[in-house]
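Here you get one chain, nothing else, as structure tokens; it is the form predicted alone.
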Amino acid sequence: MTTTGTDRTGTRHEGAGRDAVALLDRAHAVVTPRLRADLATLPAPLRRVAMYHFGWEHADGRPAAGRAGKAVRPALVLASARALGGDPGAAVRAAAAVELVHNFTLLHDDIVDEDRTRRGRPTAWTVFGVPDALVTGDALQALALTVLAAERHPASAPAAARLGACVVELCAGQQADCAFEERHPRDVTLGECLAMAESKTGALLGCACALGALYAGAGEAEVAAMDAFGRQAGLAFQLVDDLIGIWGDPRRTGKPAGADLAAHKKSLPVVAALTSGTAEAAELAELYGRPDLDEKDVARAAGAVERAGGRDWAQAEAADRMARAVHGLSCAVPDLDAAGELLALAEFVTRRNH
């Protein structure tokens, strides 16, 4: 499967999308009770912020009917365990741990990026303040490792070690992303940007797949291959996300058109354009050198990215990364029919158009 492999009616992708939605719903059903039980162990002030962030309580502590994200990462853990012949039920704690780490990054990212909304309501830091949101994120990371370490399963210790190493890589990716913002628009290379995206996005998807493999009793080579699958799918995901950040429909994204350009983000399509050596690259660099971009400037920047080849490059690169992901998956699961759930999830997250 690649991101270009569809028929004219699109029925294959629609079917994969329906399969993925069903997988995500099942992951929610089994992982949410585990997450709630884990959050219940936090001290009350931290628990209050965490429950709000997950969408399960209002700011005043009243129950809320929110859903804590799509559960892509927990679903990858469970699907990976199943693809390698394991019992997904044995990997529920690992799936919850990965989701706790993901939400640790979201709490911190919202602070760093000064994002004021998430999942349709104010972000935790805008409601409870930066210090409470920051330390709650820290607590979620520690809780994730505690959840794994406390479990009596042969995979528990190696899973905790792998997740801990992943957190370090995530932090390095976040640091690199922030450092890019301080550099001249044309000083960031495409290689640096891809490495940052792999650390910041691909690492946790790879870790999710690797943890599923560990809980299935897989060998070192299979675990590494599953990690490679998740990382490459994660890069494809980030490329699509960056395209949406420029050309996404505001009615579906909830953000203004070109929001990433207005924020001067050095996303992958932007860096591809800036390093293209074209006249449009110079135009884009000049626009990015301005402190503020108005609506016309954002439209000009989007046009410059497209004319410099940034949009086409990102689309082709996403397809290439998905091809690499499937190759990695085939090394761990030679019969790709057994990996149908993983392929459906990967195609779902890289086929978004909103």
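This structure is a prediction, so every number in the text was calculated from the model and none was measured. Residue numbers here begin at 1 and follow the sequence given.
One more form of this protein should be noted, the form predicted together with a further copy of the same chain, which is absent from this view; the next part is about it.
The stretch from 280-288, 137-145, 190-198, 240-248 that comes within 4.5 Å of a further copy of the same chain in the predicted bound form, counting heavy atoms only, is 137-145.
Checked against a further copy of the same chain in the predicted bound form, the candidates Ala90, Val167, Ala262, Ala257 yield a single residue with a heavy atom inside 4.5 Å, and that residue is Val167.
Exactly one listed residue, out of Thr126, Thr253, Gln174, Thr275, brings a non-hydrogen atom to within 4.5 Å of a further copy of the same chain in the predicted bound form: Gln174. Under a 4.5 angstroms non-hydrogen atom cutoff, a further copy of the same chain in the predicted bound form lacks Ala71 among its neighbouring residues. The shortest heavy atom separation between Arg82 and a further copy of the same chain in the predicted bound form exceeds 4.5 Å.
In the predicted bound form, at least one heavy atom of Leu42 sits within 4.5 Å of a heavy atom of a further copy of the same chain.
Residue contact check for Ala149: one or more of its heavy atoms lie within 4.5 Å of a further copy of the same chain in the predicted bound form.
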